[in-house]
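Just the one chain here, the form predicted alone, laid out as structure tokens.
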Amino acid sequence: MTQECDTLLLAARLPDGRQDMRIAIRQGRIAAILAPGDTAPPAAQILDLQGDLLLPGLVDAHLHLDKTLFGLPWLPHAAGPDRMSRIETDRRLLPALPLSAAERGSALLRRCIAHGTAHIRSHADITPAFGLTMLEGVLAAKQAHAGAATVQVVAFPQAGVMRAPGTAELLEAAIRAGADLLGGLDPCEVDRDPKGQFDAIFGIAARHGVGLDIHLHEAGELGLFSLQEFCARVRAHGMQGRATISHGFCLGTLPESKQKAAAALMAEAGVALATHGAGGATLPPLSLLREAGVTVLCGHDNLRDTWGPYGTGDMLERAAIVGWRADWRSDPQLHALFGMVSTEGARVLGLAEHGIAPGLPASFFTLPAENIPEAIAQHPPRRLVFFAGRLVARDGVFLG
């Protein structure tokens, strides 16, 4: 190839083991991957990767940009130990913060991007107390960083649907205002009306042609009931492949026979599972779910926010936490973890173009590692982060 490219990367190590490769980038896409000895095109910019591993942009499939405290001085955790206390703390604390949801969400977005995350699904609280304020903040942060990452937004009823009159109408307004998906929350434990919640959210989703991503924290048989009802509704509405259960803690507490039955039900309904490896809950049986054909993906959930002080924004670190909790040690298992924070997340988010191949968007990052297992286990610092051909971060610093 002789046509000039925008950027030529030298001495790249690829995930398949090839070394000393050159990556030509033109008009935001990978124009060519050149082996040693191939003739390289002229380039406006040449960068030497010095043998660094080059990996496709990471996917954070479950985040709460509106709740984060990034951008603020350190604030001690203010909520009690239970979920309802955290919901009440949100209602009281978030509107009083000196930075808006857009400003705080932007600070977190920049941190995630600098760690190599290219695609995010963020929930935005839709409650009678907040109205559409949190959604508007997340949408503003999304727009401000459109040249560095994609953000898919879920309208999330954090205070419940049936127990908070007016929420269903707000959820519908949120979809009209630009939310991409609809959320739900513990239909038995929070709303105490699973039929009412599912009637509402599936009705809105059907009217607007959007997917669903519900938080399901409920444990044991109660959680299994909600999971079964959700899967039945997904099948009845023909939403296979457009529905996700986030957390699914009940799956980790069931007898193996019921785990297998639930996994088969989810696979048949095309319902994915998003996990963040919560330390305070039993981890769902990730291997069993994957073997049954359920797509499993990862997200951070809460990142230094009103629900907890932890998290750095590094999805490789999050994958390592999930792998540690699942006791995954072998290289094939570490490769599976990488799929959960990249390829499988991209599939559930509906991203048709994701990976390292000619013609695909040049959205990737580099780091000093020999291979994917080392990248997961050690999660070394990111050197260069590209999005659609643009260098958006270098050495952990967002470039704007």
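Note that the structure is predicted; figures quoted are calculated from it, not measured. When you see a residue number, it is the position in the sequence shown, counting from 1.
What comes next is about the form predicted in complex with a further copy of the same chain, which does not appear here.
Should Thr89 be counted as a contact of a further copy of the same chain in the predicted bound form, where contact means heavy atoms within 4.5 Å?
-> No - in the predicted bound form, heavy atoms of Thr89 and a further copy of the same chain never come within 4.5 Å of each other.
Decide whether His379 counts as a contact residue for a further copy of the same chain in the predicted bound form under a heavy atom distance cut-off of 4.5 Å.
-> The answer is yes: His379 has a heavy atom within 4.5 Å of a further copy of the same chain.
4.5 angstroms heavy atom contact with a further copy of the same chain in the predicted bound form for Arg318 = Residue-level check for Arg318: yes, a contact with a further copy of the same chain.
With the cut-off set at 4.5 Å between non-hydrogen atoms, does Asp331 touch a further copy of the same chain in the predicted bound form?
-> Taking the distances in the predicted bound form, the answer for Asp331 is yes, it comes within 4.5 Å of a further copy of the same chain.
Please pick, from Gly160, Pro285, Pro194, Gly277, the one residue with any non-hydrogen atom lying within 4.5 angstroms of a further copy of the same chain in the predicted bound form.
-> When a further copy of the same chain is considered in the predicted bound form, the option within 4.5 Å is Gly277.
Among the candidates Leu55, Leu337, Ile30, Val348, the residue which, in the predicted bound form, approaches a further copy of the same chain to within 4.5 Å (heavy atoms) = For this set of options, the contacting one is Leu337.
Heavy atoms within 4.5 Å of a further copy of the same chain in the predicted bound form: which of the stretches 299-307, 131-139, 265-273, 238-246 has them?
-> Of the stretches listed, the one contacting the partner is 299-307.
Stretch 167-206: residues contacting a further copy of the same chain in the predicted bound form, 4.5 Å heavy atom cut-off | Heavy-atom contacts to a further copy of the same chain in the predicted bound form: nothing from 167-206.
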